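Next up: just one chain, as structure tokens, the form predicted alone.
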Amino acid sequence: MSNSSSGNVGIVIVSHSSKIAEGAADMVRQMVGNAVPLAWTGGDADGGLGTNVAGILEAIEAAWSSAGVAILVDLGGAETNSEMAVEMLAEDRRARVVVCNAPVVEGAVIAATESSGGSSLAAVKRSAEEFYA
């Protein structure tokens, strides 16, 4: 996981595979540098495939920005756990975190590129999801 102190929308990558999550985060970092708060989580506690709410909460915290956080996920379980994590956030933060319906790698790169230009959370989410439509 890595973080940035910018006011840009943060990006969280959630995958069932830690290697996919880390690789997608590496791609994002190479595309936008440190302009965007970025964190990733993947795999279960035993190093196998899976996701967990605690890891997602840690990633949201690591990528937190007052502009909000966009979460990109790979499969249904990652989406469900991400939504559960969002519901566990303090009420004032909950409205500033969105789960994007977009491919995890392409969506993360597009979302981060949009964020690096100073776009709003809604614009970052829309850009990521337009790729999928």
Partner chain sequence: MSLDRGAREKLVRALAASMIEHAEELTSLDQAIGDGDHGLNMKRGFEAVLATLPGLADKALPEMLKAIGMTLVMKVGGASGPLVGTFFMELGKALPEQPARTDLVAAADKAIDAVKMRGRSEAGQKTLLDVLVPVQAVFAGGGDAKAIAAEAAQAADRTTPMLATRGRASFLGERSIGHMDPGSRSASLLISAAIAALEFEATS
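Positions refer to the first chain, counted from 1. Since we're looking at a predicted model, the values are computed, not measured.
Below: the form predicted together with its partner chain, not depicted.
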Within 4.5 Å of its partner chain in the predicted complex: all of His16, Asp46 and Leu75, by heavy atom?
-> yes
Heavy atoms within 4.5 Å of its partner chain in the predicted complex: which of the stretches 90-98, 54-62, 29-37, 104-112 has them?
-> 54-62
Does any heavy atom of Thr80 come within 4.5 Å of a heavy atom of its partner chain in the predicted complex?
-> yes
